[in-house]
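What follows is a single chain, given as structure tokens, in the form predicted alone.
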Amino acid sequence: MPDFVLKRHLPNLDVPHVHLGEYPTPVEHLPALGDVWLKREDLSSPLYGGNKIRTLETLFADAIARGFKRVWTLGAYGSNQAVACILHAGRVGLQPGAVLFPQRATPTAAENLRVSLGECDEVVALRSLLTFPWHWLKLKRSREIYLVPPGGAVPLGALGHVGAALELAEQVATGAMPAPRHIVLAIGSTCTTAGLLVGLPLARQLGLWPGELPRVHAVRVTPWPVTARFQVLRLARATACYLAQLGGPTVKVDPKLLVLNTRHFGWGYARITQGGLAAAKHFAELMAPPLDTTYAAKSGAALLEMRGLAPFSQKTGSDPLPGPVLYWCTKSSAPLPAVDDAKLAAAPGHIRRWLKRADRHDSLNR
């Protein structure tokens, strides 16, 4: 069983942790895009991977340490975190549940919702976002349920991605890839980005990172104020403070490392963009990791634009982003489990209608 990279470098750190993922996740060169590399977080687990796994490793461990048996999470119908929570909780003896609010009906979201409904008996799929705050408050007050907030965007959850930055530093040090000048990733709940903003300077403090730190280009896939710059930096600073409270060193978060990219958000959360569709097609042609339209396709489009590749760069005419550039693969590439049609047939009427709308959307885009 692999050790927790944070504990390896900070053995006195008092942080709970359970092993869900398979680490280190590989780094790979994508020569068709020039000096572009991939951090394959999509391969963090053959059951269900992506960037949510590192977050759940610390939060699940905290739930267990505090004596909880049930762990619930919150998110949209197509939440990656809900799927990750539902599929992985049982591995460590926890009973999962989720409260999900409506979002735009898309094929990507429908795939995730089907898995959530098919694999978990305790899914509350709301009719309206208006009732979501009440359910959130109810779960927060429960003494029987450990609540994982949307995206796990709390300092304890972000520590998993602090560890990911140290893991990357180790891979650079061993020659698996050159030190990147830029990192590009999707930003939704802000947890991964905040963790990197703490983990990268920590790696340099520990003598793991050679030279200048990379700039972190966070490509917005959820709206303001969730992904507002002040929110990202606030979580990063809170994570740095929490790290020190647990016995780690004092880390100063440098706001200059964060570049918030808002160009590819489109008309809203989960709304498909033409740039995202084109990026997903281009990645598929290159045999690169798959891009989902809600999250990764938008960050993929930003990467291609930054590299000066037509037609993505024609709108800006800017010079290509100099390499090495590291693209953070946030979406799981593991096959989703088959879903029992009987469970879907028993779903509430508003859910069945929503799934039909998503299927119609899929057929229109083929």
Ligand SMILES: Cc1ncc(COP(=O)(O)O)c(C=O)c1O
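Note that residue numbering follows the sequence shown and begins at 1. Because the structure is a prediction, the values reported are computed rather than measured.
The protein also exists as the form predicted together with the named molecule; that form is not presented, and the subsequent description refers to it.
- The chain is drawn here without the named molecule; in the predicted complex, the stretch among 66 to 74, 329 to 337, 22 to 30, 35 to 43 whose residues come within 4.5 Å of it by any heavy atom is 329 to 337.
- Taking the partner from the other structure, the named molecule in the predicted complex has a heavy atom within 4.5 Å of a heavy atom of Thr190.
- Interface residue remark: Trp209 is not counted as part of the site for the named molecule in the predicted complex, having no heavy atom within 4.5 Å.
- Within 4.5 Å of any heavy atom of the named molecule in the predicted complex lies no heavy atom of Ser116.
- Although the partner is absent from this view, Leu197 stays clear of the named molecule in the predicted complex, with no non-hydrogen atom inside 4.5 angstroms.
- For the marked spot (Ile183, Asn261 and Glu305), a heavy atom within 4.5 Å of the named molecule in the predicted complex is absent from each of the three residues.
- Contacts between 35 to 64 and the named molecule, taken as any heavy atom within 4.5 Å in the predicted complex, involve Asn51, Lys52.
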